[in-house]
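The data below hold one chain only, encoded as C-alpha cells and taken in the form predicted alone.
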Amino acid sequence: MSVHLLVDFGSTYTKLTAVDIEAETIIGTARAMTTVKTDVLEGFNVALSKLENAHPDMGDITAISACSSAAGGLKMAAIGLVEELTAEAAKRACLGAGALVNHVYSHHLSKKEIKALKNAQIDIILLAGGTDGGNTECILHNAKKLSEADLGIPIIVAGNKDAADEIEDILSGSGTEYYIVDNVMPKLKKLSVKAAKDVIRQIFITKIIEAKGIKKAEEKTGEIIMPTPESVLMAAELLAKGYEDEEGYGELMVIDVGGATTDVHTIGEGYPKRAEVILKGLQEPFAKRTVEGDLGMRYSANALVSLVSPYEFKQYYKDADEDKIQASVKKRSDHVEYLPDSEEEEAFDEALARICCDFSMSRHVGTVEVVYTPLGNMYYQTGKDLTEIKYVIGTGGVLINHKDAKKILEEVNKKSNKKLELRPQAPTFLIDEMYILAAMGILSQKHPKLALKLMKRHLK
C-alpha cells in the first residue's frame, strides 16, 4: 500500500487526508486545532494519532505533502497606476496566488501610505503600473519610495517592462530583495498573472513559512508547497476542466465559509450570455478568487454583524434583537473554537453563514448596467456572468457540519432584490463533506487524474 498523506495547516484546524495511491481511494481524514502559537507539529501529531487510531491497518506513509494558511496565511499589498486597471490587476494576481490583500494603492505612493505599509504585517509587495510601452513615471516614483522606506520584505515588480532597467538600478543598491517579472497587465484590460504568481509561490515556500514558524513542520511533513487558498483554486480548476479522458464538471463555484474569511472561487470565462450585452472593464481571470476578510464565522464575526442592522439581521435570524446578537457574536469572537451547543446557537451560526454567502456573492459576481441612449437601451456587463454556472460547492466547517447546508448555499442564487447581479440561477449544490478540496489541490501536483476522480466520488 502506497499511502500519501496530505496536510492542510489551516488558520483554525490542521486537516489530514490519507490517500491510497494504488487503490485510488481515500483511506480517511482527521483534524485537530492548529497550534501555530506553540509548535504546529503538536496539532499535526494529534490529528495523525486520530487518523491512525481510526485506521490501524492504514500502512506506512510513503509521502507527505502540505499547504498552509496558518499564522494568518500569506498577506500581500498590491500597488498599481490606475485603481480600476493595474492596481486591480495586481490585486487579482495576489488573490490568485492564495494571498490575503488588505492594502491596495494606486497612483503615487504618499508618505501616509508608506507609513501604513511599514505598520502593516505583510509578507510581500506586488508593484505594478502601466501597460508595456505606457506610463513609466508612476512606477519609477513608487519603486524609489519603496526602496527608501527599507520595509525589509520582498518586492515583486510586475509593471511596464520599459521601466524594468531603471527599477533594477533603483532597487539593486537599496538592499531590498526584489524580483522583476512579466507585466500583470501588458495590454490595456488584459491580464497576465502567471509569472507573478509563480514568484509569489516561490517566496512563500522559501521564506514566508520560515518567518511564521511553520518551517519546522517540513522536517516531518515534507515541503509545504503552496498557500491553502491556491490549493483549493487548483482543485476547483481541475474539477471544472477535467484531465485527459476523465471529464470535468464545467463551470463551477467553490464557496469556503471560514472562521476568519469567506473565499469564493469561480472557474469559467463568465462572458455575457446575451447578445445585446457589452463586456466592459478589466479582463476576468478564468480561475477567479475573491476573499472577504470581514465575512467570517468567528475571528470576523464582529465585522460581519456590523454590515447589517438588527432589522436586516431578522431576514436571516427571526429571533434577532440587538442584545442577543451582540452576546452571541462576543461568544464567537472571544472563543474561536466554540461549537454550537443548542438549537438556538445552531440557528445563529446558520444566520452568520447565510450572510457570508449572500454578501460574498454580491462582491464576487458580475453586474449588468442599463444605459439609456437615443438609440435605445444599452447593456454593459462588468465582471463575470455566473447565471448559467452548473455547480456550487460548499466547504468550511459550518457548511460541512450543518444539517441543511443547501439552505445556506441557496443564498448565492439570483435574488429579486439584487436583479442587476449576475448570480447563479439553477445550480446543483455539492458539499465537500470530507474537507478534501485543499488536499486534492496538493495531490493534483503529482496525481491530477486521481485527484479528479476522488473529488467526483466524494463531493456529495
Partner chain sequence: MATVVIGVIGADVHAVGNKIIEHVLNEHGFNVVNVGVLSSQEDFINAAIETDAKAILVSSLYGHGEMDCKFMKENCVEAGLNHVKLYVGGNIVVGKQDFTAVEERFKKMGFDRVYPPGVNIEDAIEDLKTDLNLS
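Numbering follows the first chain given and starts at 1. Not measured: the values here are computed from a predicted model.
Quick note: we don't show the form predicted together with the partner chain, though the next part is all about it.
Candidate site formed by Ser69, Tyr317 and Gln326: none of these residues places a non-hydrogen atom within 4.5 angstroms of the partner chain in the model of the complex.
Screening 237 to 245, 358 to 366, 167 to 175, 79 to 87 for residues having heavy atoms within 4.5 Å of the partner chain in the model of the complex returns a single hit, 79 to 87.
Proximity of Tyr299 to the partner chain in the model of the complex falls outside the 4.5 Å heavy atom cutoff. Residue contact with the partner chain in the model of the complex: Gln121 places no heavy atom within 4.5 Å of it. Residue contact with the partner chain in the model of the complex: Leu295 places no heavy atom within 4.5 Å of it.
Proximity of Thr221 to the partner chain in the model of the complex: non-hydrogen atoms within 4.5 Å are absent; the residue sits far from the partner. For the residues Arg274, Lys280, Lys330, His108, the 4.5 Å heavy atom test against the partner chain in the model of the complex is passed only by Lys280. Just one of Pro154, Gly134, Gly268, Gly213 comes within 4.5 Å of the partner chain in the model of the complex, counting any heavy atom, and that one is Gly134. For the partner-free chain shown, Thr373, Pro374, Leu375, Met378 of 354 to 378 come within 4.5 angstroms of the partner chain in the model of the complex, judged by any non-hydrogen atom.
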